[in-house]
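Just the one chain here, the form predicted on its own, laid out as structure tokens.
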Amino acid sequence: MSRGLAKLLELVGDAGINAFYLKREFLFLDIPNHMYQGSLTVEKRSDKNYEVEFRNVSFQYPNTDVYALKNVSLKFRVGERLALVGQNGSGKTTFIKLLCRLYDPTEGEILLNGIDIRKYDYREYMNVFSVVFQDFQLLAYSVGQNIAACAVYDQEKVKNCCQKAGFWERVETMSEGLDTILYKDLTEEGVEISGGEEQKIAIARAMYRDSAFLILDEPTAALDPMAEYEIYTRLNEIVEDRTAIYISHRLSSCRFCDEIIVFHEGSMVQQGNHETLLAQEGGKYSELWNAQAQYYVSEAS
């Protein structure tokens, strides 16, 4: 009885401590979303034939007079491979967040198949995208549950996504396969994985969602050169018929893309394929490419 009472008092103490954090969690979840939710249904197309247009889009973050993006205009269709490049703070991630409607433009409009995205049902529109941001999060659940983001999932589909992301060989070495728990937060049998392996799981999760747009923000930053090369050589197999948009600081990876968009200080300054942009002497892309090439040459010497 004494041991039972001691354990009960311990649990009551833990509950009191956790209540403070839960209160903050609920306060955060109760913050209202003031963005216009829209009501139109996003067209479900079997051919995933969507066209996106940025029309004179500008954006300022709250409490600042500086434009993170200024007068950006471009069009692209599903099936293209796009790369966004530029120095830190040039507007690449802001561009993606506006496309995914995490923010609404300060000026201008973004159109999906000719309709302002603000008019679409908010949740339906969000389902058009599979995104891997740099600050993605995995949880202390099984590998399969992390990829599917669901307790119940299609094992064959998860396996297929793992194979494309280059993670299946690692899964086969785990004692419970796809049922292996990640991390030791909940069980001592949990498996710790490297940053590169976490990134492969995040890519597999984006593929499992099977959305029309696959957006990868620095998708290979934590991978070694061989793993990065493996990902990009199988790019078409990974992306299939979806639009792929990459943010990358490694310009060598952009050579796999159909179109490269160069940002500088919030503006879109160049657009074209690798060969075209490299031939434009004095252009921002050529400057960035030569700077990286010079670094690797000096390292090799």
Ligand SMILES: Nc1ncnc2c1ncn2[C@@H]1O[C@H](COP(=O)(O)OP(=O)(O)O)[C@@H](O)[C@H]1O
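Just count from 1 along the sequence shown to find any residue number. Small disclaimer: the values here were computed from a predicted structure and weren't measured.
The same protein has a further form, the form predicted together with this ligand, not shown here; the description that follows concerns it.
Comment: this ligand is not present in this chain, but in the predicted complex one of T93, Q145, Q163, N113 has a heavy atom within 4.5 Å of it, namely T93. The contact with this ligand in the predicted complex, taken as any heavy atom within 4.5 Å, belongs to K97 out of K97, K157, R170, R118.
When this ligand is considered in the predicted complex, G89 lines it closely, a heavy atom lying within 4.5 Å. Heavy atoms of Y61 reach within 4.5 Å of this ligand in the predicted complex, making it an interface residue. Not displayed here, this ligand is approached by Y103 to within 4.5 Å at the level of heavy atoms in the predicted complex. The shortest heavy atom separation between C257 and this ligand in the predicted complex exceeds 4.5 Å. Residue heavy atoms within 4.5 Å of this ligand in the predicted complex occur in exactly one stretch of 64-72, 50-58, 270-278, 28-36, and that stretch is 64-72. Along 275-290, no residue reaches a heavy atom to within 4.5 Å of this ligand in the predicted complex.
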